[in-house]
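Presented below, as structure tokens, is a lone chain in the form predicted on its own.
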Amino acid sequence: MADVELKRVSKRYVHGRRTTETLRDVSLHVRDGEFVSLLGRSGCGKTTLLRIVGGFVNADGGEVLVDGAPVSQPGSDRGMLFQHPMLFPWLTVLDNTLFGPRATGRNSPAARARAMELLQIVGLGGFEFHYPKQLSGGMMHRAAFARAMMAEPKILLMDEPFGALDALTRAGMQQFLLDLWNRRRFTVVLVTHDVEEAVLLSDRVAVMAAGPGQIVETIPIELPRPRTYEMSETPEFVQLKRRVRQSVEQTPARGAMVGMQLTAGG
């Protein structure tokens, strides 16, 4: 496992004569084995911050450390999952899972055995030779999990991975992630705009505001683990959800995003 430390991270984008300050002095420490969500309205810089941690985008100021070492590029210690599974449609589920080892020259009978084991773990045993078009949305996301885990990353970075799923499939994937994290306890940083998802999954929720992006509050989620989706109906859960939602609603938004409706009830 590994911890992540952000120290006064800033990011600006230049468009001709116009400069947009996306992030300003963002600091956050994600402890080893902790599950932290970045929550906020669209335009607050959540995804940019996650990509900086992943090494896909360089910060203009500050630094990002993983186990004390500076991040300057992507690495196998950080697995990344996106809103869409991004599976190769011409490859089977097994071949998608083995793509990383094959691309780096590490393909072997041991890698194949590991891939088969991971597909069993994520509930895709028996679907190894299916193609992505033959899978449901939830199954494609499970295949993406297996592919990301082939490199045995210390940190899992997730950019709204369930945002495109229907409500029932999304709930099933959230429970799948809870069960998987409870077994493996890897470090997770999740980007979401869904208050209920953040409360259900996280140890802490970092609320972000835009103009430029900053963390305005970090809220501990002191609910017992292991968790289940049924916990969302308890008074303790509803109270935490209300507190987190109020924190988001009180943050400034960028431009026309002020009236955006958050996907949260209660």
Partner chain sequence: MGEEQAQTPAATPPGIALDEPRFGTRLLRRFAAVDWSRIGMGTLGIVALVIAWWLVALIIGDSVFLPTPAATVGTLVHYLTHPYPSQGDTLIGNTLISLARIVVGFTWGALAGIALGALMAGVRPIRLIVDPLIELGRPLPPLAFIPLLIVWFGIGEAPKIILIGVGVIPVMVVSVVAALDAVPEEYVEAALSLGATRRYALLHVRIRAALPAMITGLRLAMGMSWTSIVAVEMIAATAGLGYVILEASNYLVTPMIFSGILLIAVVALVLDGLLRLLRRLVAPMG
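Residue numbers count along the first chain shown, from 1. A quick note: this is a predicted structure, and the numbers were derived from the prediction, not measured.
Missing here is the form predicted in complex with its partner chain; even so, the following discussion is about that form.
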Quiz item: Is its partner chain close enough to 193, 211 and 251 in the predicted complex that each of the three has a heavy atom within 4.5 Å of it?
Solution: no
Quiz item: Does residue 154 reach its partner chain in the predicted complex, with heavy atoms at most 4.5 Å apart?
Solution: yes
Quiz prompt | Partner proximity in the predicted complex: residue 166 to its partner chain, non-hydrogen atom cutoff 4.5 Å | solution = no
Quiz prompt | residue 134 within 4.5 Å of its partner chain in the predicted complex, heavy atoms | solution = yes
Quiz item: Though only this chain appears here, would residue 75 touch its partner chain in the predicted complex if you measure heavy atom gaps against 4.5 Å?
Solution: yes
Quiz item: Across 105 to 133, which residues bring a heavy atom to within 4.5 Å of its partner chain in the predicted complex?
Solution: 112, 113, 116, 117, 120, 121, 126, 128, 129, 131, 133
